[in-house]
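Below you will find one chain, with nothing else, as structure tokens; this is the form predicted on its own, and questions on how it binds or moves follow later.
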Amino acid sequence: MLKAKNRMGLVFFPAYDWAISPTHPEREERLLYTQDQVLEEGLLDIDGITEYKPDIASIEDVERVHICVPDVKSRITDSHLISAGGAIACGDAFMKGEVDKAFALVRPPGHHARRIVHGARGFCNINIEAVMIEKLRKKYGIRKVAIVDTDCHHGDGTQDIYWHDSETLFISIHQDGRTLYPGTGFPSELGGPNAVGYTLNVPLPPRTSDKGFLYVIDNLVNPVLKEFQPDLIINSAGQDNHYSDPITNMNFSAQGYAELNHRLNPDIAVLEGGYSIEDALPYVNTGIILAMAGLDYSMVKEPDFTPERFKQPKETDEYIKRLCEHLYNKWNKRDIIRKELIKDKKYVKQDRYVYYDTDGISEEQREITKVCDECSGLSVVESRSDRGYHVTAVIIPRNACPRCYEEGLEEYEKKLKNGNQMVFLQDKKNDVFYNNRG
């Protein structure tokens, strides 16, 4: 009987009762075809591969990560809580030592959901990986986490959530934002004033093939991970880099995805995008499962795949090599770059315009962050949407120093005196959440 080298946990949640529309590419069939393939290939009959049922994330789990406006219940469905709960179930199984690897094949996805949530953007309402990570930090005391996002779209929501957190390394490998939604994720985006270099963006040219992706893993991602030494490695396993995906322009294959997963060697993978429902997802997910389980994936191949069809141009090879060298240099010089960035500043201000394309909501946001050498820094976010909401969020980081903590409480009390807006306090240090509207 075939036996997995790595004990492998799988969670499936197709979310039968949630869809943007009956014909939208983000629909339940994304996982149903994969489930059929897994059953047909007999993967669940392999000794060491175990299916787990999803948990249900709590409102508190969401509030640990997000400021939902006006509240969590108005912005999500039960399916969102179960999707996040599926990732949490994988995290629990891994942390308890029941499995060596785990893969949450769940939907709705989440990596475009930012800290402030007025609605859905990029099909995402809440950030599945972030909800899981912060739950695991609370429950098991893990500290350093690395997230490697291999979705074709830049993981702008995850980046926003961990922009100030030097204990969370976020690396996004994606199609160049000049050619694809959400139009962000450039090499200059390196993290906030207290976490410079702990965000690394790798924008790849359209039609990048297996060769380019694997070069990034070998020459940038793994060297940085080795130096960062995380307690936990998460793969945001978007699969829309596949050559058959209808909404992107890349040339990655199922074999390439499996090989990437083998080389990256994540502890937990969480499904993100991927909309070639029949031609890609069953093959890609099968390859990832086999690679994570430590089994032979060499025979995983799409019926229409030929390497000659997707040969990568020499200029793309050269561009990716220069890009990796540039970013690795930024990583190594992150302390110097931070000093140049902050100089004598006590606070850093950042204005953002955020468009929630799925729900058609526009948001104007101003964030002021305290420059701090001891922690991730206190942040105060003012947010206004065209739906009439005006909110202030005071965010005290998980590793807050005494000065940032006290200033955060003072700022919250000060903002409460203005009765014309909603005021939230997200005290991550003590894992409590307050707002002035109950």
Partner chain sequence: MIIGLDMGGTNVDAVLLSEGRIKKTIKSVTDHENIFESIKKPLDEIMEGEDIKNIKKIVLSTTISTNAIVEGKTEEVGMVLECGPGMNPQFFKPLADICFVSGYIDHRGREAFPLNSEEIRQAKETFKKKGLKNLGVVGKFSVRNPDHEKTMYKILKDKENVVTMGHTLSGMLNFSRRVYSTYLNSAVYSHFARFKNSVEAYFLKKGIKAPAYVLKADGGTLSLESSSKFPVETILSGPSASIIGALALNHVDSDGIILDIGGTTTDIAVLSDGVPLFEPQGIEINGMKTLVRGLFSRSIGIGGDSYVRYENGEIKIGPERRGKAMAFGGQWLTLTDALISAGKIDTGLKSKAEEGIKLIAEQMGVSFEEAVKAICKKASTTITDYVRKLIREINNKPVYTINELLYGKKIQPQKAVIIGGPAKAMSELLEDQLGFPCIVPEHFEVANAYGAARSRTTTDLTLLADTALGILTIGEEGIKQKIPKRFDVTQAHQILMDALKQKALKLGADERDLEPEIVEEQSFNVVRGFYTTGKIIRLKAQIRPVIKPE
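What you see is a predicted model, and the numbers here were worked out from it, not measured in a lab. Positions refer to the first chain, counted from 1.
Keep in mind that the form predicted together with the partner chain is missing from the display, and what follows is about it.
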{"property": "Output flag, Gln35, Ile56 and Pro303 jointly within 4.5 Å of the partner chain in the predicted bound form, heavy atom basis", "result": "yes"}
{"property": "Any non-hydrogen atom of Phe424 within 4.5 angstroms of the partner chain in the predicted bound form", "result": "no"}
{"property": "Any non-hydrogen atom of Ile277 within 4.5 angstroms of the partner chain in the predicted bound form", "result": "yes"}
{"property": "4.5 Å heavy atom contact, Thr23 to the partner chain in the predicted bound form", "result": "yes"}
{"property": "In the predicted bound form, Tyr52 touching the partner chain (heavy atom, 4.5 Å)", "result": "yes"}
{"property": "Residue stretch of 409 to 417, 36 to 44, 392 to 400, 60 to 68 approaching the partner chain in the predicted bound form, non-hydrogen atom distance within 4.5 Å", "result": "36 to 44"}
{"property": "Contact residue in the predicted bound form, chosen from Tyr356, Tyr283, Tyr162, Tyr257 - any heavy atom within 4.5 Å of the partner chain", "result": "Tyr283"}
{"property": "The partner chain: the contacting residue among Glu325, Glu364, Asp78, Asp231 in the predicted bound form [heavy atom, 4.5 Å]", "result": "Asp78"}
{"property": "Sequence-ordered list of residues in 7 to 28 near the partner chain in the predicted bound form, where near means a heavy atom within 4.5 Å", "result": "Phe12, Phe13, Pro14, Ala15, Tyr16, Asp17, Trp18, Pro22, Thr23, Pro25, Arg27, Glu28"}
